[in-house]
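Next comes just one chain, in structure tokens: the form predicted on its own.
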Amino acid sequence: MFGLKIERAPASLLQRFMIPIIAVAITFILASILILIAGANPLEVFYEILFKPFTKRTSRIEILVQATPLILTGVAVAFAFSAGYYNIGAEGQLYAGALAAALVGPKLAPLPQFMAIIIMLLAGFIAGALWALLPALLKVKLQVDEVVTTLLLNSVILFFISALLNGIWRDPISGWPKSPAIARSAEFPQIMARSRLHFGFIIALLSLLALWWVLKRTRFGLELKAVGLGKEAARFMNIKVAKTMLAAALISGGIAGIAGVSEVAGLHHYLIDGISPGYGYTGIIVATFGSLNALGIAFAGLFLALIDTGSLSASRSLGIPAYLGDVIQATLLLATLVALLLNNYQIRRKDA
């Protein structure tokens, strides 16, 4: 007779490949229970969520639109997590970038579009990096837990922006809380006619390429991963751990800031209170589910964008709660974290 045994050892390549599949399977099993409780047919709901969006051009394009900030925040989180710096502040850093775009954008009218967009992106990157600087310094200098500080700073900037929008930026005519519109030259061009797909999607793809190149082809990427795997071992290798973690935190904040610029310059053209429905937090799911690598993050970003788009369609056609997509995403994160434990074990056959 044969049995199975679990040994503590690095997981095999097959096991690592199966982890996302296991996480998705667990997620949809648990979601099926909730759907049944809501009185709907899980098969119909999953068809609406996973397949129906591909039958319409507008839905297919919307998946790419929704994936743009998810990929950018996923890449941002992956840079930090790779170095063992657990940045939970991508949401606040996204808003910092959006705020920078709202401040700089209206002043760029005299410039050609190419220069205006570059200035917007630089402003967003710097703003996101600056918002990430304080918790990063607290971490490397005083060993203050970055999970707490980055998370708390999200609320700080959200309330600050809300004060601006409901104060000096409130539209005096309509009373609508929004910033002044950015210059036409600062708006991202559309990639496809008669659609919302904009240049931010190209930037998201370039960020994936940058993540892959840095982690796979540069010494800095090797140092990031070494620090993430073990700080003491990295110090033994003569890697400057504090400097590496600080750089990872600032790059992470900067890319999240670019995500904020993308939302302002690509879609809204001004800053509003709810410009992000939690893209920074969803980026944590994207990075984790994508195993902190470029290809995985691309798949995870598109997959979660599909769930977002499909959930709205399912809500309209089947009458299920619109928040089902949020429940699926949260469950996917928990299932992925549990499944990742398998990375430290191997399942082998044993003789009985």
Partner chain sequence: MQALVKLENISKYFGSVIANENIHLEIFSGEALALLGENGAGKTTLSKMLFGMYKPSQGAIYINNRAVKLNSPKDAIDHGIGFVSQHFSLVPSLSVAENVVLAKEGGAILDLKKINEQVAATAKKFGLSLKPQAIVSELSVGEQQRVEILKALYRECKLLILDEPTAVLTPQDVRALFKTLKSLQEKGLAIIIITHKLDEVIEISDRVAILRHGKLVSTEITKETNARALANLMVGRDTIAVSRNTDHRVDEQILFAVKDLSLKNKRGLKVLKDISFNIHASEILGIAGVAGNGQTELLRVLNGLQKPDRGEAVLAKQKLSFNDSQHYNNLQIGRIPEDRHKATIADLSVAENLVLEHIEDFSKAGQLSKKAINQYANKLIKDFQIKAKANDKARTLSGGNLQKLILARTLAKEPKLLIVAQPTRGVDVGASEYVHQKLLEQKRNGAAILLISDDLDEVMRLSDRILVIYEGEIMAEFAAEDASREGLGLLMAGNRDAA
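Computed from a prediction, not measured in an experiment: that's the story for all the values here. Positions refer to the first chain, counted from 1.
This next part talks about the form predicted together with the partner chain, which is not shown.
- Of the heavy atoms in Ile191, none are within 4.5 Å of the partner chain in the model of the complex.
- Looking at Leu222, you'd find a heavy atom of it within 4.5 angstroms of the partner chain in the model of the complex.
- Interface residue remark: Gly167 is not counted as part of the site for the partner chain in the model of the complex, having no heavy atom within 4.5 Å.
- Shown alone here, Phe159 lies farther than 4.5 Å from the partner chain in the model of the complex, counting heavy atoms only.
- Only one of 79-87, 236-244, 105-113, 276-284 places residue heavy atoms within 4.5 angstroms of the partner chain in the model of the complex, namely 236-244.
- Of the listed positions (Leu99, Ala226, Ala123, Ala248), a single one reaches within 4.5 angstroms of the partner chain by any non-hydrogen atom in the model of the complex, namely Ala226.
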